[in-house]
Structures are given as structure tokens and as C-alpha cells.
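There is one chain below, alone, in C-alpha cells, taken in the form predicted on its own.
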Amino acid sequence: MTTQNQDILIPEITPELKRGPQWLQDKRNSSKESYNNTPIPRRGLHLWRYTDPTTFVVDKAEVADATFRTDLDNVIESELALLQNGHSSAFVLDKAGRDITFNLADNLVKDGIVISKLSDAVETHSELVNKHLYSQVNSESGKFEAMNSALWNDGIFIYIPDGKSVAQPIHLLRESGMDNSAQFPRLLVVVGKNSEVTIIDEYSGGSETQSDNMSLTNSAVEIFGDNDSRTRYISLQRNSEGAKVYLAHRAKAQQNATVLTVPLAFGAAVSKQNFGVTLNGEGADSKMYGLLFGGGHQHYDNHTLHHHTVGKTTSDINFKVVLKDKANSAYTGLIKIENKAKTCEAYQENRNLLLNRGCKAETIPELEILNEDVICSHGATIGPLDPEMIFFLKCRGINQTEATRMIVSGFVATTLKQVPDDLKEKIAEFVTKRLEDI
């Protein structure tokens, strides 16, 4: 066993390790052992070259009780109104994995669609959960994935049976606790053959100021799209200014399945997110359109992966970053195409817009192509606002501030087109607020 600082080990008496049937307890305990035996990643090695891994360690590996922001009741009331008016199919409030409440449209139950606690699904849909849980995000994925795999208290399970479509988005609100809290959200989604769903996975709350007692959110998401399924997953990270966020996301697309992933990041003091899709059947297609907007001293570290395991699959990544003040962003994107995965098409683009001196962006596109029968390209840009565009707009009577806003709006427009209508207004508000001090 590797020698570790005792303060960061998960102890044997941790109550989360005893949750669920025996097979799940065994999984939790093996994840605990993996976490305890795995050294903290060395700073500077590949995906940890820009972020200090000790940021995401829980002191003494304790899960603190959480208190929540005072305006949460107003948020809940607004979301329930959207559900009642038919703008969403479900609203799920997850308070640090300790209290999860479900509000579902009547037609979901009639269609056999399941949206429940993961702890309940372990019993009621044991075959599905046993097959899929931990198969993509687990102790072998990394030290902090092992931490989530051991310490998640309760999570959310979504199952769309074969041939069913959910017309309006399912909205998940994962609320983090305030200072000195740690939460480990877990989401498992299984989308059946020829089925369709849109999921808005929103992360909010957490510590409001940076201190020694900042909140930590360590989240794991696993999505499975069966043959001919259509899955849209929108991740909205808008945690408070003092939060630390770590997210591991993996999706798998089978034959002719489509997966649209839209990572949106606006909040937290430190945010490290890893989004990946495996194309596992001929005709599978994945599109990933990300948008990050940082200000102040925010630190973002994002990774994307498209893994083509079979031939005749397609993927496209377009990840956009807007920074101002002293914010910084690091992006690493990998396209991996296996030797037997012939006639694949894969594209990757990362564009970074710097609104002032002092902010910083890094971009590392990576290709691992193991056969020559592919069409594959990647591109990356980092640069300030184009002064000629500013000059052009000012010549037409538009002031500097409005000109900047117009340029940024055009820059992010293609990403916002992928966001459900009810979310576009909220996202536009975040962008506007970031531009107020320009």
C-alpha cells in the first residue's frame, strides 16, 4: 500500500460505505481502497499540468453537513411553475445528495419513464443499475472518480424505455451546501432503443466567498444511449464564487445513436470538468458544444474526449471560452480513433476570446489516430477582441461597451443555439452580467 497522509484517507467507519445491497457496498469499499492507495496526481503531469490536485482533497475525508442558500425557495417556486406550464417534464432538486425531491409530469409515469433516487433504483431496477453503474466512471478512472464512487450518498436514476420520447427537458438542480460542505452527486441515465430525452443538469450553490472552508462538489455522470436513441445533455455549472467543482462525465453511444453534450461553465472559484463520449456502434454520432465565461480570478480546467471504437462514426467538438479580468482557462481535447475504426470523421475546435490584458488561456488539442482511413481535423485560437471590428462598430455610433457585447454575443451564438429555449434567457443573463464591468 502506498503511504498516504492520514488526513486524506477515507476511514473504514464512513457511513456511505454501508449504503445499498452487498454488491454495491463491495463496489463502494473497493473504490475506497483505490482512493486510499492511489497517490495524489503529480502536478504537471498531462491533465494536471494547470491545476493543483490537492484542491479537490477533502480534509480528513469527512462529508460535512450542509446548509443552503436563503433564496432557494424562490428558485424552487419558479421551476415548479415551469413544470406546471408544460415547459419541462420534470424538476428534481438534489440537496447535496442528502435530500432529493422529485416533481414529474403525469405522462412520464404512464409511459413507464423512471426518474428516481439511485438508491431506490438499485432495488427496483437492479438489472439495469447493476449493468451500468460504475461501468464508465469508476475507481480506475482516477483518484477523484474513486472518491465519488465511494462517498456518493444518494444519486439520480433516469430510464427512458425503448421507443419513448420525453418532449420537454428534465431539469436536475444539484444544490451544493455552503461553507465547509462536501457533496458527491451521482447521475445514471439509460436511454432505450429509439428513445429521446433532453436533460438539463444544473449545479448551483456552494460557498459564496473564498476561504479555508470552501465547499467541494465532486460529481459523476454516466449516460448510455442504446441503438437509434437521441440524447441531449446540457451541463450548467453556475456554482457560487467560493465553490470548488470537479466533474467526471462519460457517455456511450451505440449503433446509430446520437449524443449532444453542451457543457456550460460560469461559476465556482476552481472548476475542473472532464466530458467524454465513446462511439461504440456504427452510425453513432456525438456533438459537443461548450461555452465557458470566466471573470475575476476564476480558474477553469476542461477536458473533452471523443473515443471512436468502431468504424463509420462521427464526432464534432466546438468549445468556446470567453475570459476577462484575471480569469484563466486551460482546455485539453483528445480525439482517439482505434485501429479497427475505419471511415470515421472527427472534428475539434477550441476558440478563446480574451477581453482584456491579465486573463490567460491555454489550449492543447490532441489526436490519437491509429488508422489512416479517417477524416480528422482540429484547430485552436487564442486572441483578444479584433480592434478592426471594434472600430467598425464605433464608426456606426456604437460605443465601446456595446460593441464588445455585440462581438461576444456573436461569438457565443452558435453554442446558445443548442440550448433549450427555456435556458437561453438564463444563459444570456450570465453573459450580460460578465460584460457589465467592461
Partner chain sequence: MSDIKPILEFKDIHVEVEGKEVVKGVSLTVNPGEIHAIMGKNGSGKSSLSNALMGHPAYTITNGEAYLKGKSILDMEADVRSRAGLFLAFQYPLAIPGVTVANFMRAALKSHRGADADMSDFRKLFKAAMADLSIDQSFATRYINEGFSGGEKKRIEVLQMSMLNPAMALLDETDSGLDIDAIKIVSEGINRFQNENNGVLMVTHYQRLLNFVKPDKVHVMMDGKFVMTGGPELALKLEESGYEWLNEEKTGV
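Numbering follows the first chain given and starts at 1. Since we're looking at a predicted model, the values are computed, not measured.
Keep in mind the form predicted in complex with the partner chain is missing from the figure; the text below concerns it.
In the model of the complex, the partner chain sits within 4.5 Å of a heavy atom of Met389. In the model of the complex, at least one heavy atom of Lys417 sits within 4.5 Å of the partner chain. With a 4.5 Å cutoff on heavy atoms, Ile40 does not count as touching the partner chain in the model of the complex; it lies far away.
When contacts are judged by a 4.5 Å heavy atom cut-off, Ala413 counts as touching the partner chain in the model of the complex. Residue heavy atoms within 4.5 Å of the partner chain in the model of the complex occur in exactly one stretch of 24-32, 381-389, 367-375, 41-49, and that stretch is 381-389.
Put simply, of Asn399, Thr54, Thr70, Thr67 only one has a heavy atom within 4.5 Å of the partner chain in the model of the complex, and it is Asn399.
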